[in-house]
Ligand code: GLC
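Read the single chain below, which is given as structure tokens and is the form predicted alone.
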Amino acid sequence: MLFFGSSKKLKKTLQGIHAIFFWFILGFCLALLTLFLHLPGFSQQSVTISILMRGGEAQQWQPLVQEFEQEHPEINLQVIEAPNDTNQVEDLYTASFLLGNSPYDLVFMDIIWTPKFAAAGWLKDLSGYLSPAELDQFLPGDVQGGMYQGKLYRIPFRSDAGMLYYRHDLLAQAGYEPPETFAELITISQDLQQQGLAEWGYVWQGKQYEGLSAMFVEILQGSGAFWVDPQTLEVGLDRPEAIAAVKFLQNTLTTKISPSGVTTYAEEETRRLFQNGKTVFLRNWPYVYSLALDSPIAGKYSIKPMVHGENQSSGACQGGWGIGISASSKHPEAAWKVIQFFIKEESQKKYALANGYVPSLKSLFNDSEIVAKYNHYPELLKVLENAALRPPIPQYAQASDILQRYLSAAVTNTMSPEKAMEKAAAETRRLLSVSDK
């Protein structure tokens, strides 16, 4: 009996120990769980933010994507590769928005998409996300290109603008300063051709495509003319100043400072002529500068703002890409964190140094490391400060198509400048009138 009693007491003692141990383990597990839930990455569920980009640039983004995810482990940034053709990327974005609930949280936009996407209600209004002082750090043309009807929908990431390239060695040899006006460019070109210093004087993008519209925006501004006033929707293509702008382009062909084939040239055809030493002047974009460093004219060329008419101002067609937030995004706060990371000075600097793209922050144009690699950046800043925007209207694509058709007809002499611009203006007015109803 004594042994039996001791056995019962031992059993109860063991049960008590087991219970204490159970509650101790449970408490320990709960404490560990609480600790993990308060660690970064456990305090909230991981969020995926997606963005669609042209294939080549999507690859170039990867180093910054990895840095972002290390800084923000709670956000998975998914960069979806699209074709390299810009129009195809726009079509893919448009199709996703039209279907509703676009899978893309962020929208990587060419500057000319902003009004179309904003007017359709596809973008989140970002006004107020950055203070006026913060916005002032960006190139003014880039900021303006992200606005629609007074609201901000696109934050600049990288910039672009048209400019005049010139052979400073040839000008110095002939005793000329770089031209400021249309007339000076023609005179210098003719003289250098007559001296046998260059085969051609000036090349520009005359093919019937978007590049023709972009180039013409600069000639319009330099002539004191305009295309479409975005506030009033007034069309200025048939005004005397705009017709004079067309006649300048026509004159480059009649004087033979431009080859007849220029009406079929895009950026690359004109770049190759300049790099191969065939022409004195070239209208093109910043990308040409770095490529020409490895060419027969290395060290022999410079850049400047585009020429213009007497008593008029230079214009640099504003290009570039920026980032917006899809109105249908379920994670706009996380999407904004992505934008903040990519637009900061450190990120733009790394991207510019690695890939040669032009940043949108003014401070970087005089950054010592960037200038050491791209010594033309201080001059490039002067070009970018003379921004000329293509009309920020929702119907821009259709308006550009109209201008391309009639401008091409004028420079190929199938229609007079007066008739071509009258028809272009009339068709543009009908487009805006129908769209406005």
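Rigid core: the largest C-alpha set superposing within 1.5 Å between the two forms. For clarity, every value in this text was computed on a predicted model and none was experimentally measured. Each residue number is its position in the shown sequence, starting from 1.
Although not depicted, the form predicted in complex with this ligand is the subject of the following passage.
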Answer option from F157, Y351, Y148, W285, heavy atom within 4.5 Å of this ligand in the predicted bound form: W285
Contacting member of F117, F365, W321, Y104, with respect to this ligand in the predicted bound form [4.5 Å, heavy atom]: W321
Is I112 one of the residues lying within 4.5 Å of this ligand in the predicted bound form, judged by heavy atom distances? yes
With a 4.5 Å heavy atom cut-off, would you call E210 a contact of this ligand in the predicted bound form? yes
Contact flag, E267 vs this ligand in the predicted bound form, heavy atom cut 4.5 Å: yes
Exercise: R54 in contact with this ligand in the predicted bound form, heavy atom 4.5 Å: yes
Where, among 313-321, 121-129, 272-280, 186-194, do residues come within 4.5 Å of this ligand in the predicted bound form by heavy atom distance? 313-321
C-alpha of V89 moved at least 2 Å between the shown form and the other one on rigid core: yes
Cα of G322 displaced 2 Å or more between the shown form and the other one, core superposed? yes
